[in-house]
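Just one chain is shown here, as structure tokens, and it is the form predicted alone.
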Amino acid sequence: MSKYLLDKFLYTVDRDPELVERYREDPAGTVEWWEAEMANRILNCASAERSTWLEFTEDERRALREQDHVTLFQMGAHPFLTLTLFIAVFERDHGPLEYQKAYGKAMEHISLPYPDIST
């Protein structure tokens, strides 16, 4: 499992409005495309600079495909990154702050100590 790769997915998708829409409409296809095309790209470097070894586990792929922020948090994904991306994806379907409240309510069963979110 790579918390770094989960956070990188959440970060890069959230910062690209076209990827946000793509992830909203086709989460499975977006995860598959991103892993093949973006996972090994080194951010803020020439596009030819790439790594070769990063990939999601099947559990990570499933959580991302299902847009399951609770499971992602339990895996160690940073909650700020899941919250900001999922606000961009889902907030328009809800009234003011409804999505944020539902996000928190879905995680209220998680108690201390929280999962380690350091990368």
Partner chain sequence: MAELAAVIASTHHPFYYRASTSTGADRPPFADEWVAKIERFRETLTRAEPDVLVMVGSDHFHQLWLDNMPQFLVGKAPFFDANFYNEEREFGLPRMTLRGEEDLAAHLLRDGLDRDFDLAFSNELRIDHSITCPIITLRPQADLPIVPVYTNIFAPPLPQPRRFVALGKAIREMVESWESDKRVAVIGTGHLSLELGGPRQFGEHGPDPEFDRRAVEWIASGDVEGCLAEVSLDSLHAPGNATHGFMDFMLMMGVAGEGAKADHVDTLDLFHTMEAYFTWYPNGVPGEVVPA
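Residue numbers count along the first chain shown, from 1. Keep in mind that this is a model prediction, so the values were computed, not measured.
Keep in mind the form predicted together with its partner chain is missing from the figure; the text below concerns it.
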| property | result |
| --- | --- |
| Interface membership of Trp33, its partner chain in the predicted bound form, 4.5 Å heavy atom rule | no |
| 4.5 Å heavy atom contact, Arg22 to its partner chain in the predicted bound form | no |
| Proximity of Ala88 to its partner chain in the predicted bound form, heavy atoms at 4.5 Å | yes |
| Residue contact check: Ala39 to its partner chain in the predicted bound form, 4.5 Å heavy atom | no |
| In the predicted bound form: members of 84 to 119 within 4.5 Å of its partner chain, any heavy atom | Thr84, Ile87, Ala88, Leu97, Gln100, Lys101, Tyr103, Gly104, Met107, Glu108, Ile110, Leu112, Tyr114, Ile117, Ser118, Thr119 |
